[in-house]
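Before any questions on binding or motion, here is one chain by itself as structure tokens, the form predicted alone.
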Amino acid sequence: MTVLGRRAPAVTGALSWLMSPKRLEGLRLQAFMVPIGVVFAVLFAIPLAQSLYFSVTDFNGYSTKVNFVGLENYRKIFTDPSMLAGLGFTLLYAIGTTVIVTVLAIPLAVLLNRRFFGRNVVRAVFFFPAIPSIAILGLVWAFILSPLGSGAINWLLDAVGGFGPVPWLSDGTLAQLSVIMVAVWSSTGWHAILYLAYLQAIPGDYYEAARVDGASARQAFFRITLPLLAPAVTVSSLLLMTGGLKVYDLPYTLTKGGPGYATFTITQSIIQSGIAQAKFGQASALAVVFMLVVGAIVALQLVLSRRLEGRLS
């Protein structure tokens, strides 16, 4: 009876702790994490595990017989010229669009933040290129930048100055610049609106105090505006970098990855190897390597952005 009598308070205490409001609140909060965990497992963890498995096999996507090939698929990645070209252009595209859009979007946001007649219309005009599908924009710009004389820009150059057709999409370097230019044109307005939202959150008293102290517009921009936009730069550059690293639709619709492999991207290489060429194992290996590269670049970017925020603030 003594033992039972001693156990009864212990059991009662445990039950009261389990049923306490604090514990119940913790269980409710953990319950909200269950759907997130399920989504993470279904959309990321399980596909990643499958990709890791297929990357060391010769699986072609159809056959039920799978042979272990070790790191052979990874070796082929770094010896295939199309994949190396795709990696090079993907990095060039991601870094180029991130830098150029950031340099253009911040001054544009400052201009759009001023009061002038038709300001809302001008904002809508700059934001419009971000509304249509980028694949549709690629098809439209493929006509505009056509290397033939019938292309819109070449026709205009011939009508105005008598210039011959410029090989915008048939020359490797010009094709790369054209793809980046179209991406910058379609993204600058959207990111300018993002910076504009942060600009409107800056108290006007800061600028009034700067004017009283005799600060010029340039000094106010570098001492007030730019430091307070540091969090926006982090968000914008992260969106640009991640979007640039996984780009597929714009280069494909604009140049089909050509000429040659000049505008070939990693995602296009993954799709072409896995679906068109039935090299599922090789495509999985490329996807794994690409995921590691993207993770390293994004982590480095976040570290540099945080340091930049600390220096500006």
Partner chain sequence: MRKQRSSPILSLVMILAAAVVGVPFYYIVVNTFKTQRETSASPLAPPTSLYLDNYVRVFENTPILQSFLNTVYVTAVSIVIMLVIGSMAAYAMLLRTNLINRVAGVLLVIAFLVPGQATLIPVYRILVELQLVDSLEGLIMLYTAGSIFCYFLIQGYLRSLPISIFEAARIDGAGPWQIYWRIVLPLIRPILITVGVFQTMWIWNDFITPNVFISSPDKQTLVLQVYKAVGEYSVDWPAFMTLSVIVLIPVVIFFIVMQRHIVNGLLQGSVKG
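Source: prediction; values computed, not measured. Only the largest set of C-alpha atoms that superpose within 1.5 Å between the two forms is called the rigid core. Numbering follows the first chain given and starts at 1.
If you look for the form predicted in complex with the partner chain, you will not find it shown, but the lines that follow are about it.
At a distance threshold of 4.5 angstroms between non-hydrogen atoms, F126 is in contact with the partner chain in the model of the complex. Not displayed here, the partner chain is kept clear of R218 by more than 4.5 Å at the level of heavy atoms in the model of the complex. The partner chain is not shown here, and in the model of the complex it never comes within 4.5 Å of any heavy atom of A159.
Looking at P35, you'd find a heavy atom of it within 4.5 angstroms of the partner chain in the model of the complex. Residues G70, Y93 and V303 are none of them found to lie within 4.5 Å of the partner chain in the model of the complex, as judged by heavy atom distances. This chain is drawn without the partner chain; in the model of the complex, the residue among I180, L112, I77, I106 with a heavy atom within 4.5 Å of it is L112.
Interface residue among L84, I100, V235, I224 relative to the partner chain in the model of the complex, by the heavy atom within 4.5 Å criterion: V235. Here L254 does not count as shifted, since its C-alpha moves by less than 2 Å between this form and the one not shown after the core is aligned. Annotation for T263: C-alpha shift under 2 angstroms between this form and the one not shown, rigid core superposed.
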